[in-house]
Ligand SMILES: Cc1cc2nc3c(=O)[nH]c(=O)nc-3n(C[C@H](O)[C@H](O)[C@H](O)COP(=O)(O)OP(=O)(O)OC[C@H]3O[C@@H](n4cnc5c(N)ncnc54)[C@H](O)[C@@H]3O)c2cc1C
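Before any questions on binding or motion, here is one chain by itself as structure tokens, the form predicted on its own.
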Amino acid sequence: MSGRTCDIAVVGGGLSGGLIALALARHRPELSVRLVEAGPAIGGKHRWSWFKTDLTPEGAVLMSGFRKAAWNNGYAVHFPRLKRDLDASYLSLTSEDFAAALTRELADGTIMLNREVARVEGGAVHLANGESVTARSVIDCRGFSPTQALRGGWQVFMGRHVRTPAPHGIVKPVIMDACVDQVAPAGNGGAYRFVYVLPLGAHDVFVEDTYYADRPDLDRSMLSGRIDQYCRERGLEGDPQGFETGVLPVITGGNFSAFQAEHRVQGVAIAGGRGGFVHPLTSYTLPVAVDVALAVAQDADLPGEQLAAKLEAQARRHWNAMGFYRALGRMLFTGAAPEERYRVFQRFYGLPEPLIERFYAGQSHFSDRARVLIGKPPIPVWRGAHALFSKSPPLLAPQSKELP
């Protein structure tokens, strides 16, 4: 290693960084890797979910070592004028199980916790405590950062794990329950609201209140109260076992070249949300993160500058491939009145199931795109046409209101 600390240094122990480290351990175990995380644990406090059809066979193998919840009996969606059961298998992974698997599978000394990063450069990660990690290649996976270069809205959510005293009776996930009040929390402008429900066991259920909101403010007190109300109305009251919150970008447009230039550091590869590797409309990241991790492992011998160029080019291809979904996002945020946005999803979930599966995987065919756009529209035609050429606000930093 020519006196270096390691062959590859991965900065950020979230989903993308963790999966890259895992893929390297699986496919290139002879390489020395460091996974540098600022927090006290890998993965933070999150839950990642995906459909079985989102992953390639190689991707499914990479995810096979994680303990996860799986529902092979399909899932459901609930809207005022549509209730439907769909067949695709659904899976969900907690950050605790993510961290446990990485701790078990990665070589001793790979994971470096509580290491705040001061600066990255080609060949080195400089820590706030004055130490440095030197490497042939550095990969920055520290997550999406607010930007003027990209435009869109936000997915704002709070989830709570509840343990009910009696069996709750829910047998499959409800991915979207939009039969709820569509009024957004104060400060968020307009929003499409739905509740996401995962049955984790006979007495355990995860309930998440989610908003496709114009602004990124996260009011924990209000969202917690709305979860209380939802649980009361549906007989899901019980003992809280934990909660999580999040604010994710819903990207509807912008200048991707400028976005890349904002984050570019000579010789440093960029992955995860920081590199633009997200589904712009659903905000799903796991399938894309899996693909990027496998791509890194495939070319793990590349010098830092070449690996950086490879991932930057892959990010540009991903951006170009996601144009259809960004256009749908503009129709959602600009074309539909806030209280009517649920109609967009209500109509979408009435379409053929293979189309829905390809949509979530980011692999919609030309015929799928035509089918989504043709027919009786859920919003006025003139508003939809206007939305396609509109500009959403820039994706700037969220504000957070804490629980009292």
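The first residue of the shown sequence is 1; numbering continues from there. A quick note: this is a predicted structure, and the numbers were derived from the prediction, not measured.
We do not show the form predicted together with the named molecule, though everything after this point is about it.
Although the partner isn't part of this model, could you tell me whether C141 comes within 4.5 Å of the named molecule in the model of the complex, counting any heavy atom of the residue?
Residue-level check for C141: yes, a contact with the named molecule.
Partner proximity in the model of the complex: T285 to the named molecule, non-hydrogen atom cutoff 4.5 Å
Although the named molecule is absent here, T285 would touch it in the model of the complex, with heavy atoms inside 4.5 Å.
Against the named molecule in the model of the complex, would Q346 count as a contact residue? Criterion: heavy atoms within 4.5 Å.
Close contact is absent here: in the model of the complex, Q346 is far from the named molecule, nothing within 4.5 Å, heavy atoms only.
Could you tell me if R34 has a non-hydrogen atom within 4.5 Å of the named molecule in the model of the complex?
No, R34 stays farther than 4.5 Å from the named molecule in the model of the complex.
Decide if the three candidate residues D87, Q363 and A370 all line the named molecule in the model of the complex, where lining means a heavy atom within 4.5 Å.
No, none of D87, Q363 and A370 comes within 4.5 Å of the named molecule in the model of the complex.
Can you say which of 26-34, 352-360, 64-72, 41-49 gets within 4.5 Å of the named molecule in the model of the complex, counting heavy atoms only?
Result of the contact check: 41-49.
Scan G254, P216, G273, P199 and let me know which has any heavy atom within 4.5 Å of the named molecule in the model of the complex.
Comparing distances to the named molecule in the model of the complex, the residue within 4.5 Å is G273.
Sole residue of G123, P173, G152, G246 within 4.5 Å of the named molecule in the model of the complex, by heavy atom
Partner contact (heavy atom, 4.5 Å) among the options: G246.
Using the arrangement in the model of the complex, list in sequence order the residues of 108-135 with any heavy atom within 4.5 angstroms of the named molecule.
R115, E116, V117 sit within 4.5 Å of the partner.
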